[in-house]
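The data below hold one chain only, encoded as structure tokens and taken in the form predicted alone.
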């Protein structure tokens, strides 16, 4: 009888272990991305899904076609599907607070991925890049390329910023503008159009077509007489693509203006090779996904991620508890470091493993 009881106890223990393992293996992560219309989010969504599935999680990935109502519905669907964790890149950083109350009520923790989510305490962590530094890198590139500390100038510059609904867009613009403001104030850099504020140069939904139209209008109004445009400072690659198209088709000057960008989209990397765009700021999605995975694993294990989480990772990042106030509280943030890509260091993108050279070894393509 004792042997039977012992056997039953062992069997019960084994079933318990199997049950716990199965429960752990079945942890479900919901990922909400803004749109498939921008290459950036296709790349991020796919890489996040790949990383989480490789780690043994079940993943539900949804894209919301840049539609705020649809994203709220998509997230509600993920909540109804009883995901254990939400990873969200918001279309509109101010539009998710009500929906996330439902996540909080069900005990579902939330990571804001790349874009901060405002006006909610349902948010647990924010994983992104040092977004102000993105703009600083663009501004510093312009400063160094034009040698503003030594050249007489003046040089003409126009800004194209991002989506007002994206909290990152303001950081990008401010980082660049603040870096160049001493030269603007001194008259060495001239904004011929007079568009000096974020609101004046913002581009809803980061639309390439809107950036194209806006730059065409600027060129027609202020540069049609052959006035030289030295710099078109664009906050990201989708806007840079439109601005470059406008310069190619409508610019009357004889020079090739500096055109900045961000993200490393394939079309823009081709433009860099062809001399149409000058640089892009690259944010390594592999590193961003790796940090997100580590934060998620800690959360799902009942731990509280902090600065120590970064010690096991090769990604260059910082743990920030002071900068990103979402209107309710300062969100604990993991901020990675971006870097500049030009025609001279495209190989760096190949080395990280997400790009490869084409057959002619001229252009980069996604792996």
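From a predicted model like this one, the values you see are computed outputs, not experimental measurements. Numbering follows the first chain given and starts at 1.
The form predicted together with ligand BGC exists for this protein as well; it is not shown, and the discussion that follows is about that form.
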*Using the partner position in the predicted complex, report whether residue 156 sits within 4.5 Å of ligand BGC, counting heavy atoms only.*
no
*4.5 Å heavy atom contact, residue 168 to ligand BGC in the predicted complex*: yes
*Does ligand BGC come within 4.5 Å of any heavy atom of residue 319 in the predicted complex?*
no
*Does any heavy atom of residue 41 come within 4.5 Å of a heavy atom of ligand BGC in the predicted complex?*
yes
*Heavy atoms within 4.5 Å of ligand BGC in the predicted complex: which stretch among 182-190, 97-105, 111-119, 80-88?*
111-119
_ligand BGC: the contacting residue among 292, 262, 71, 268 in the predicted complex [heavy atom, 4.5 Å]_ = 262
*Sequence-ordered list of residues in 223-259 near ligand BGC in the predicted complex, where near means a heavy atom within 4.5 Å*: 236
